[in-house]
Structures are given as C-alpha cells and as structure tokens.
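Before any questions on how it binds or moves, here is one chain, the form predicted alone, in structure tokens.
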C-alpha cells in the first residue's frame, strides 16, 4: 500500500511502500511539507536530490543519516539503505549526520502491539502514543526506541531509488535514448548500446532539477548491500582517534566552563558565597543558572581545570528535597502506591479475582520484587560547546534530538530558531541520556555571558552521575494460582514506579498534560506473549519527583526481570521445566515459541550442565523484537561467575546481521551490568554514587562468552539497540536460583551474593 500526495522537488519526502520491490512514489504526503534542510548548506558544485542525499560535480556522494550515532552502527545501516538503491558502495560515499530538520521526524517512535490483548485505542491515547503523534506532526527528529532502521527502511531506500532514476533521466536526455535502457553501477549511468557512460557528478546538477517520478524498490533477492555485513563507516575515525566527539571540539579563543547544580532536585540555594571561587586563577565569571532542569551555577574560565576547581570552591547551602529523602522512604512511597491498587490494568483477561478466590492456599504463589534507580553513565561525560555572536548561535554536542536542541537553545538565547545551527557529533554513549536538553541549555546560557567567544561546558563525572535523568525505581507484588497440571491459570501483577514521560514533559513541555494510561509503567509485563486465562497486569504511578528519563529498554528493563523471574518461581514450585512451561504458554505465538526453542537448542538445554553449573532462561518482546536468552553460571571460590549467554533474536528483516548481533551483545552486557552491581541510592535527598568506583559496569574479566543467532519469522521489522537488555537480568537471576536455590527478588544481585 502506498501513501500518496504531491510536492515540489525541493521538499521531497518519501512516503513509502510496505513491501520491498513494490512501486513507490517520491512524494511528500503532508499538506505543509517541511523544507529540505540541505538547501541552505550546499557547497560549491553540490546538488541535493532530497533531504538524504547530496552529489557534487566532482562525484563526491554524501548520504545524510539523520539519527544519532552512539556506537550502535546506525550511520552504516542508514547509509546502506540509500547506497543500495543508488547502486554505489559504502566505501564510495561520505556519511554525515547533517543539520537538524523537521523533515527527518521520527514516525516510528511507537509501535503497535502484536497481541490480541493489546487495546489499540489504548495505544492511540497513551502517553507514548501522544509522543508519536507529536513526532509526526511537530517534526521531532529523535533517536530512540530502537526505531532508527524501522523509520528509515522505506524512506531512505526511496530517497536513493528516486535519485537513481533522476540521474538516469538526465543521462537519457544526453544519450537521446529511453531511460529504461540505461544501467547504473559504481556511481555511473551507462548506455549498453553505445558503451558510453556519465558519472553521477557530471549529471548531478541537471538531474536534481528534474521532477521525481515513480520508482520500483529493489526486491530483497536483488540486494547487494542490505542483508549482509558491512564495514562500519564510523570505525576508522574511532580507531585512529579522530576528533569526532563533542568533547574533542576546539575553536579559536575558546573559553571553558562547567556547572555546579543543586544536589537535591528542584531545590535552590539558601545561602551562597562566591568570593573564594571567583578569585581563583583562570576564573572569568560565575553566573546563576535557573531552568526547569535545575538550579545552580555556571563557571566560565580559561581552562576546564580552573572551572572544575572553582565549582568545588563555591560555598553554598541548598534547600531540602521535595521528595522522599532516602532509599527507605522511597521504598515506602512505592509500597504506598502498591497498597492503593488504583493503577491502570493494561492487560485484564478473564476473571482474576474469582480465579484466586477459588484457588486453595497450596496452589498459590506470592512474591514481591524491586529494582533501584539507575544512571546512564555514558563514557563521554555530558558536554556541549556554544558560540553566540552577532545574533546567531552555533552549538556542538552529541544529542538524540537536534530539532529539540535547536528549539530550546534558541529560546534560552533569545533568538529565532532559524538563527541556531546545531552540529551533532558522534556520541561516546547515549542510551537515552542525550535526548535530554540540560547540557546544551547550560552551554547556551554560559555562551550568553562569554562576550561573543565560544564556551565548551564540560561536566565532571560526579556532576553527571548525580544529575542524571534516571531509570526509575520500581516495586511489584505478584501472585499466581496454579492448576492441577502445574501450569498457571491466573496471574496478577501490580507494579509501582514513577512516570518517565511525565517527568520528561515536566522539564520540557510543562504545559502538556498527556491523557490516557501510561504503558511505560508496565511494558515488559503486560505485553508478553503468554496465554494465561486469567491475567491482570497493573501499572501504578508513584509520586516521586526525582527526574527520570529513557534508559536503555525503558520499562522493559525492570519489568522483564519481575515477569520472567516470577514465571520461573512458578515453574520451580510446580516442578515444571522453565523452557517447556514457556513453550506451552506461547503456543498461540509461534514467533515467540520458535525463539525460545532456538535458544534452548543453542544451549543444549535438554542436557544437564556440568556439576557446579546451572542455567536460567528468560524471554521478552520489546521494540518489536522477540528475544530469548539463557545464562549459564558457575560457583567458584571467589563467587558466582557468569560463564556464557546464549541469545536467539527475531527482528524480522535484518539489514546487517553483524551489527544486529553486536547490538544484542551490547544490550546483554548493559543488562548484566545493572543486574550484577549498579544502583543509584539516596541519602538526605542526594545521590550517593559519583563515579565508576561506586557505579561500575561489567568488566572484561567478568564478561561471559556470548553467542547470538538471528531468526527471520517475525512479520514486522523490530529494533536492535534495546531488545537485548531486558532478558539478561532475569536469565542471570534464574540461573543463580537454579545453582544456589536462592531466589533473589531485588537488583542489584550483588547485595545478596558475591560475583567472581
């Protein structure tokens, strides 16, 4: 099915077809099309065919990959989408993030649910659904939710195909032949009859002036790049230490800065003495900062070290926290929320209350689980460089939302958005942290005080760790009723956690009050493919004003731990094999069952592990991808060792299998890290962790062997960046329970056991 409309050449946006090989149309389907942001940034001799492609007269081809590269390989795969249809190799093109542009809006920030119990009206009215609508109609350009490939799959292929046909049309005019007789390859358009050819650069200006026409996308069987491993386009610069990150930015006469913000979120200074800090060598100015992100001070200095030392020297007292000040009080607030039982049940099948009323006590299982706040802890600390001069602002930063950076920094600088240029660099980690705007806003505010000079604002690791937008703490109470065959006949899950989206909106669009239930509270639990006759999953919003944000896999990260560990408790109580129990519950969902069966085959589940070892299994569908994992652990004299993780994943169509496997491995290590040791704790309203010494990731000597296999049964394309994370923690916890007999219901696991 095609989505049709009309536009001019310069505002080409590609509506698309659902299946490869169908006829597609290069038309913008919106009544008020966004302009092509490349028009205003063309170099001499360059021509732009659409927002994703530039070709210069000298033959240089530049592909715009308008999603943030944070190590996930997205620039490689997005470029391959265009290159495949343009008949060029990745080695022959340059790949750039490009300028911010509403034309690059992220249409796939949400995905529909694949199960019968999913309420589509619920999706449409949910807060994530509202974000998706905003992305579409407000033109929000965002990287997140494992959507980059899914969003670009049709649009960027069509961009390449449309340009290819326009180049052929231009060549046909020169040759005096029908364009259908011409062939493209290696950046040239050839006429087989005459043996002559023109390079794309020779044709670019003429071709770009022609109207686009209907094109046919390549069928999957004819792909030469897609579906095959490609060399990462970002790798040479990374391994040679090229200045590609925001932390590398150097500008003439550049000043340096940092911030010291209130350690209690929302609190302000009650007393401050800046005299000592202001007199320190190299310090130029100390300015107050007041935004919806927080209150504090910015320091401008001749160098970063001077700024850091001055920040330490500020003599200040801060107000009290407006939220529960410590972990015990936070846990109590979560318990109060669970007690109310007033959340939204996004899955409510059968008659749960009657099923439990009819169950005998010996057929009941109850458990309580919890998970802590978590930081993003990106390797590259938060930083941005801003230069405000002559009424124009340039800002350099790694970010996941360039149109938002432009909008909010323009407002902070008091200028129009058109006067703001956002230079999006590669990122030393993001995971949702760099969709936030605090670091770019603070740089803009300091640039206003810098007398027309650029200012690089770098956070200390401690400032970063203690002022994150955290993965929220969560708690849950679960019960199950067991049938005569040992299978669960009723399941009741009540989960309490703060609303991530309300927290984000409170510091970005505070006037917006989204309606409808928030599915992030219970995703990873209510939307899983298990057929249980009486099943209720409730998400209850806890009132905790500690800032939270999107953390890799979002609600799935803690809810998959709750859901999959509790399923294992059911299997243990009834003596069922955990894999076989899941397969029976998944009988109506063959894609899920095949993934679980595959990972069991990979791990040779049917054969008991060697003495001193045990295995655990877990499954989660998230971001459209079906992922099952098995963890094997061993008991050593120094503690539990994670020996191996097997992972089977079904993303439907896979465009680069090696990148997808790498992302699964990355997500697994991310999930194991938070399971083993990571937590953000509070005392007196302040975060207690400040650096990797007390918030560490899994080290190389702890990292298990990881084996990944990809299946291709899913009817829709799934994401890759996040789905590897959710099953890792429960697979590990289930393996530990099988090995030790100890069921750990709270993360991190090292609070109860030692790891080697």
Partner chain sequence: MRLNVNGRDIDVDADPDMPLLWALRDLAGVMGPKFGCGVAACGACTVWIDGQPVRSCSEPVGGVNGRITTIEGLSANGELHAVQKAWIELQVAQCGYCQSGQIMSAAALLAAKPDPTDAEIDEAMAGNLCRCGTYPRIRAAIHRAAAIAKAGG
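Numbering follows the first chain given and starts at 1. Note that the structure is predicted; figures quoted are calculated from it, not measured.
There is another form of the same protein, the form predicted together with its partner chain; it is not shown, and what comes next is about it.
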{"property": "4.5 Å heavy atom contact with its partner chain in the predicted bound form for all of 234, 239 and 456", "result": "yes"}
{"property": "Its partner chain contact in the predicted bound form: residue 691, any heavy atom under 4.5 Å", "result": "yes"}
{"property": "is_contact(residue 319, its partner chain) in the predicted bound form, heavy atom dist at most 4.5 Å", "result": "no"}
{"property": "Heavy atom of residue 545 within 4.5 Å of its partner chain in the predicted bound form", "result": "no"}
{"property": "Residue 572: touches its partner chain in the predicted bound form, heavy atom cutoff 4.5 angstroms", "result": "no"}
{"property": "In the predicted bound form, the one of 375, 345, 215, 95 near its partner chain [non-hydrogen atom within 4.5 angstroms]", "result": "375"}
{"property": "Residue (of 247, 313, 614, 404) lying close to its partner chain in the predicted bound form, criterion heavy atoms within 4.5 Å", "result": "247"}
{"property": "Stretch from 695-703, 45-53, 710-718, 725-733 whose residues place a heavy atom within 4.5 Å of its partner chain in the predicted bound form", "result": "695-703"}
{"property": "Stretch 423-462: residues contacting its partner chain in the predicted bound form, 4.5 Å heavy atom cut-off", "result": "427, 428, 429, 431, 456, 458, 459, 460, 461, 462"}
